[in-house]
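Take a look at this single chain, the form predicted alone, given in structure tokens.
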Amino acid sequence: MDVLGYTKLTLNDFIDKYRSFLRQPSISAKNIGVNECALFLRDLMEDLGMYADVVQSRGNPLVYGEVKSQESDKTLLIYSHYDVQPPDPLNEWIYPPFEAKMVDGKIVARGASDAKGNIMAFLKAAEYYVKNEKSTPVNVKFLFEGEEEIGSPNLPDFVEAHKDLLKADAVVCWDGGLHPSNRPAICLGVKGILYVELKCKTAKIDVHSSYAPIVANPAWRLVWALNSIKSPDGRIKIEGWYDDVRPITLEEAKLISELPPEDEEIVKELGIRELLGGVKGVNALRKLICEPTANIAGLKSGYIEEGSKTVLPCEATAKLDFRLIVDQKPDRLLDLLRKHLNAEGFRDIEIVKLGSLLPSKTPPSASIVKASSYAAEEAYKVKPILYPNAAGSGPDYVFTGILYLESVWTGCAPPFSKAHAPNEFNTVDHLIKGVLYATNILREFKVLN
């Protein structure tokens, strides 16, 4: 029986297990249900016929699993995460976020696409080989963490301490999805990230706003500081910020030129008039993929409820995330940010580092890139889209920079699946195709040198 036949034969059980997985909250930002979800995932993997265990770290537990091959000495390490984003704002969900409501082949739940659907698809692929072929084409190691949504703070130390356990020939970071055109997408690296909180405090208490002429307002201080960081054209104004950015290669430029444009799909999906600065086509893709970013993720100060309150707040905070390009280093950039604020007259603004990840790269010639590309084309009957690196971030560097393995970032989540937003969803069709894609990756990696 082939994998599609097996998946369809056992589809009800597959979807039932997937929905049970979704019903178990695992919100790492609030430490809700994380340990329970790790145990659930371990039991699920054992039920599917593979070795699995919950492994403790200095933070949330990881779930490690293995399937031994009788056909090959090659080993593929599969990474993903079982933690999810907070479901807020709850009032915007059509169905409760952990009910895993299924309507007309669509499953709505927090984590449905990011990344519990991905996990289930690859586990189903391994189950198919174990229960039908009696062996996977290559040895498979699974590493599922519970802190990806909070920046994977403890993953680097875990990987460093468990190099022998995680020894492999290549890595598939199975935490991605399809391109807006529904073509499979394969990223050959990810951006890094530096996430900080800026804090400004003036008076010891909120005061009447009539004191505005003589008492410093921390919200204004923060606004002026933020305005000094980035210009209207999007360029980061911090001295030295671009010094370490590695220029793209001719090969990477060629890959970008071959990418289908995304601007029209993004504009339509987000309900905006145009992209920032009116950028389009290849120029939009180059900015998205190749440039560092400075983003205000949140602002808080004073009275923000309904109605009016004439108050001069005593403190203000802003959360910022900076996306980084190879070879930028988060700690060096943190120092540059501090020096910049000091030079601009904002020594009173405190910087709190909330998290960071290094950027990563894998060359297009890598065997795992070729294996994933062949596997994707066979599963989806269309050539995959190869990105030199993703616009987003993830802990890929722990594999490329600590284990020194080549890696791809891919997956089977639907495009615009509302990950990190209310009404996140997946579909049965995308899950089935994901099982086929994962099955093909294992087979293709075996035959490639």
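Counting begins at 1, following the sequence as shown. On a predicted model such as this, the values are computed, not experimentally measured, just so you know.
This next part talks about the form predicted in complex with a further copy of the same chain, which is not shown.
- Figure note: of the listed segments 142 to 150, 364 to 372, 166 to 174, 126 to 134, the one touching a further copy of the same chain in the model of the complex, with heavy atoms no more than 4.5 Å away, is 142 to 150.
- Put simply, of L336, I229, I248, L259 only one has a heavy atom within 4.5 Å of a further copy of the same chain in the model of the complex, and it is I229.
- The shortest heavy atom separation between D321 and a further copy of the same chain in the model of the complex is within 4.5 Å.
- Contact check for D104: every heavy atom lies farther than 4.5 Å from a further copy of the same chain in the model of the complex.
- Though the partner is left out of this view, E377 does not reach within 4.5 Å of a further copy of the same chain in the model of the complex, counting heavy atoms only.
- With a 4.5 Å cutoff on heavy atoms, P97 does not count as touching a further copy of the same chain in the model of the complex; it lies far away.
- Within 4.5 angstroms of a further copy of the same chain in the model of the complex, the stretch 186 to 218 places a non-hydrogen atom from each of K191, I193, Y195, T202, A203, K204, I205, D206, V207, H208, S209, S210, Y211, A212, P213, I214, V215, A216, N217, taken in sequence order.
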